[in-house]
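Next up is one chain by itself, shown in structure tokens, the form predicted alone.
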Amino acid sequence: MNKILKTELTKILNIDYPIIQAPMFLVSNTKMAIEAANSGITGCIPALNYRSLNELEASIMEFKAQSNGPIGINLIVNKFNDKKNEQLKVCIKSGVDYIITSLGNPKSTIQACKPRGIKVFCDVTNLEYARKVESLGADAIIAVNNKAGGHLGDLSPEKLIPELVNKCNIPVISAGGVSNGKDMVKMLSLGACGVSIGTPFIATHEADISNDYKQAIVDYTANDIVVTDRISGSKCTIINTPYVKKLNLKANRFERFLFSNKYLKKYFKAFRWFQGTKMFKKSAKNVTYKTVWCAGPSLDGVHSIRHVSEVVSDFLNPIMIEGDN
């Protein structure tokens, strides 16, 4: 076993390898999380992937019935998610192992989870927010860099990871820019205790999405990933399909005004959030001429549709072989 694979993250979650199968809207599911756990890593599922609280609870229970590994749930903790408090209650009741918070203040989540031994990892894109969540009692930081898929940060992993590692006192997990084992080793060598990997797991047999979406992950490259701020007001990466090429990816002047106006922004962001999630839902399951697929540049490492276990093996094999030499 290569010693670089034994990290603070493997200790915290009692997993073999320092990889989180990242929570992906409409993509991550129980089957994927079970296969991730059975492969020595851990999977995290967005609570928003479930239409009801009963479905969320049933998914967690299904996982626990089929795996002894850790299960994580991703909670959107901003005010646009009016189900967040009830989703948190379900997670606590069901005994999830960790929660990843995104897009908001994690204070109440951390306070509720701490006494129950549930770990809380918080998405951050800069040092200021990292220090804030650390002061609130977060167990680890998810450092979202400018190579991430979906919502991304402004800083490169080379800048963001060392800065957070050197100036924060809790573990740092890197999110973004890992398309193969070499990339993972790089993130760990920068000081990260683990990596959160999403896009390569889109093209898996366990993902309940259209085969066209999976094949797009195989066929397109990092050069085909573009960034738009029109969906939610925050930067988001999508595949530059023929339909997307016809779109204006940048918010216009009026939209920028609405996104930034003190009194109107919360209503406009909520409206765009609803529109964006509805659009992604249609695109994930069915293909139309208006299909918009979310993905990150790490699709460069995907050359076929595989099982989750095969994706994990492909990341680990070069590292394991090197460790044996």
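Counting begins at 1, following the sequence as shown. For clarity, every value in this text was computed on a predicted model and none was experimentally measured.
What comes next is about the form predicted in complex with a small molecule, which does not appear here.
Review point. Non-hydrogen atoms within 4.5 angstroms of the small molecule in the predicted complex: do 23, 76 and 196 all have one?
Key: Judged in the predicted complex, 23, 76 and 196 all sit within 4.5 Å of the small molecule.
Review point. Counting only heavy atoms and a 4.5 Å cutoff, which of 79-87, 172-180, 132-140, 113-121 contacts the small molecule in the predicted complex?
Key: Result for this chain: 172-180.
Review point. Of 157, 149, 106, 72, which residue is found within 4.5 angstroms of the small molecule in the predicted complex when only non-hydrogen atoms are counted?
Key: Exactly one residue meets the criterion: 149.
Check your understanding: So, in the predicted complex, is residue 298 in contact with the small molecule at a 4.5 angstroms heavy atom limit?
Key -> Residue 298 belongs to the contact set for the small molecule.
Point to revise | Proximity of residue 294 to the small molecule in the predicted complex, heavy atoms at 4.5 Å | key: Contact check for residue 294: yes, within 4.5 Å of the small molecule in the predicted complex.
Review point. Even though the small molecule is not shown here, does residue 228 get within 4.5 Å of it in the predicted complex, heavy atoms only?
Key: Looking in the predicted complex, residue contacts with the small molecule do not include residue 228, since no heavy atom lies within 4.5 Å.
Review point. Wondering, does residue 204 line up within 4.5 Å of the small molecule in the predicted complex on heavy atoms?
Key: Because no heavy atom of residue 204 falls inside 4.5 Å of the small molecule in the predicted complex, the answer is no.
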